[in-house]
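Just one chain follows, in the form predicted on its own, and it is written as structure tokens.
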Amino acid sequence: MKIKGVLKRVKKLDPLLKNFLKRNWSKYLLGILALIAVDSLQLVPPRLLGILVDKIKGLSINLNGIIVYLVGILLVAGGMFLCRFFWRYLIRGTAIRFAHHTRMELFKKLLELSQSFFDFTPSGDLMARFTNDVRALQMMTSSAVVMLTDALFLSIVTFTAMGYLVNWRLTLIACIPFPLLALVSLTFGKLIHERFMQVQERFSDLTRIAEETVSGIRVVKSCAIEDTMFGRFSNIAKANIRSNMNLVKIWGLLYPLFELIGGSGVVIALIIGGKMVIFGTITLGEFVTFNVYLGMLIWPMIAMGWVLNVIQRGRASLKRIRKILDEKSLVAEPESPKKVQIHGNIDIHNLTFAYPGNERIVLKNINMKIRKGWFVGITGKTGSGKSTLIKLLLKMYPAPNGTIFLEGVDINDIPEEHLRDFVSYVPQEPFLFSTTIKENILFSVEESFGEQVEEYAKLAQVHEDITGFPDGYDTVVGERGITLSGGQKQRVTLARGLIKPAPVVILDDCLSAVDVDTEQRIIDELKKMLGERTLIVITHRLKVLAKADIIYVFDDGKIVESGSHDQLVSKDGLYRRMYELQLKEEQVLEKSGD
């Protein structure tokens, strides 16, 4: 029955842990055997010491004999040294590999999840799982394994040695308080688990606010809200302290209880054992041996409290990590994928869309036709659904079946990764990695494109800015490109998007931080250079779209107008009103400049 129970527990193990143990069980086994060897050798010195005490007391040993015993103790210590090295290398080394494996699985999962997951999950919370939670798992698979093996093996062997080598009656009486430890462990285990879950949640909150503040430090300083942010951080930090103190109260009570129970055994041993020495039932050497063994037995009992705490922390962290690993991407991969060669022919039929979990319709009955080599403009009021359409074209969100077709194939039948190989997307908000400008531009292509970096930087109208820096293209831009201006970040991001040799190029209002003339110059040069590549430009600056093959005008999630620039200006519609308003704004600026 016991074996069946163990097998059931193994089957219930989290797949992450179970699969790792299947591949690394031999390392754990060898490490545990080395640990058991250490524990076994630990039993030898007390016995040798007890015999030596009796021999010295009986004057039945000379100096050479004492040296022999001392050398024996030193040899045992040497054996313990070697075995300790091996168990630490095997068990703790394997736990480090498990932590690495867990982080890799987490990171891989994050790359697979759809955009909607990140819309509602703070990056600080994810970072807490990569750090604090993985660290708790590493402790559970290293220190907890060591302490549990120590506790179980030492308890059994030491208890046997106390009874066999000294006196069974004294052993049983001295160990009467120890069963109470099991009761204490069961009572406190659930409390530790629940409170550590709260600790991890508060730590996630703390990481989130710190990450947000550092990332948005320019906004914080420009708005002079340092005191406000400090207050927010202070409140979350206090909540973190309270949750940790609630755990410390339980943890702090657990150890004294274990020590109290273990100490009561020592008191019993001194009273009963002392009488037995006086009446000659056991020798003084045996009494010394018994007390050393009892001290060795108390330690594993106390260690069980620590093991319990570490295991409960690990279980809580494993639940939090499992929650991420079990997340399902909203954009499902096709069962029968079609890897179609995409040239830029896109058809959209009666597309209506609302974001998952939100009832508001963002796109309403959208119909569009885009052909290879076209320059397509998309414009309209803020919040009219333009960027949402692009997200659907990139499969960041699931599009309804039968609404979006690329080369005549439903977008839902095209694998996500395959689709994005044929599309170069420059987002509304530029994001640069904390590396050099050159490496940022080459981020999505191979190093062989390195010779073209300057060419595309010139196309993005950022080459002169870059060469003005002391380190030129080797300038490190800092986290999120913080050392560059908004316009420079946008143009470096544009160069990164353009260097990718994709047949479809999408610019999602990515030049809002540059002046209208620069944007128009970039678009004009870009269209010449792209040749037969399809260019889709989302912008509010209508002069930029003057040479577009077709322009779609969005309003409240619908396409209210479509046609060329001249056709739309000739109509009395939204596009004409927007265009005339922009012309007036330019005239006002020119007059103010004069």
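Each residue number is its position in the shown sequence, starting from 1. These numbers come from a predicted model, not from an experiment.
Form predicted together with a small molecule: not shown, discussed below.
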statement: For the small molecule in the model of the complex, the stretch among 409-417, 240-248, 144-152, 381-389 with residues bearing a heavy atom within 4.5 Å is 381-389
query: Quick one: of Gln428, Thr131, Gln452, Thr281, which gets a non-hydrogen atom within 4.5 angstroms of the small molecule in the model of the complex?
result: Gln428
- prompt: What is the one choice in Glu446, Asp227, Asp119, Asp471 with a heavy atom within 4.5 Å of the small molecule in the model of the complex?
  reply: Asp119
message: With a cut-off of 4.5 Å between heavy atoms, is Tyr355 one of the residues that contacts the small molecule in the model of the complex?
response: yes
message: Is it the case that Val362, even though its partner is missing from this view, gets within 4.5 Å of the small molecule in the model of the complex, heavy atoms only?
response: yes
query: How about Tyr397: is it within 4.5 Å of the small molecule in the model of the complex, going by heavy atoms?
result: yes
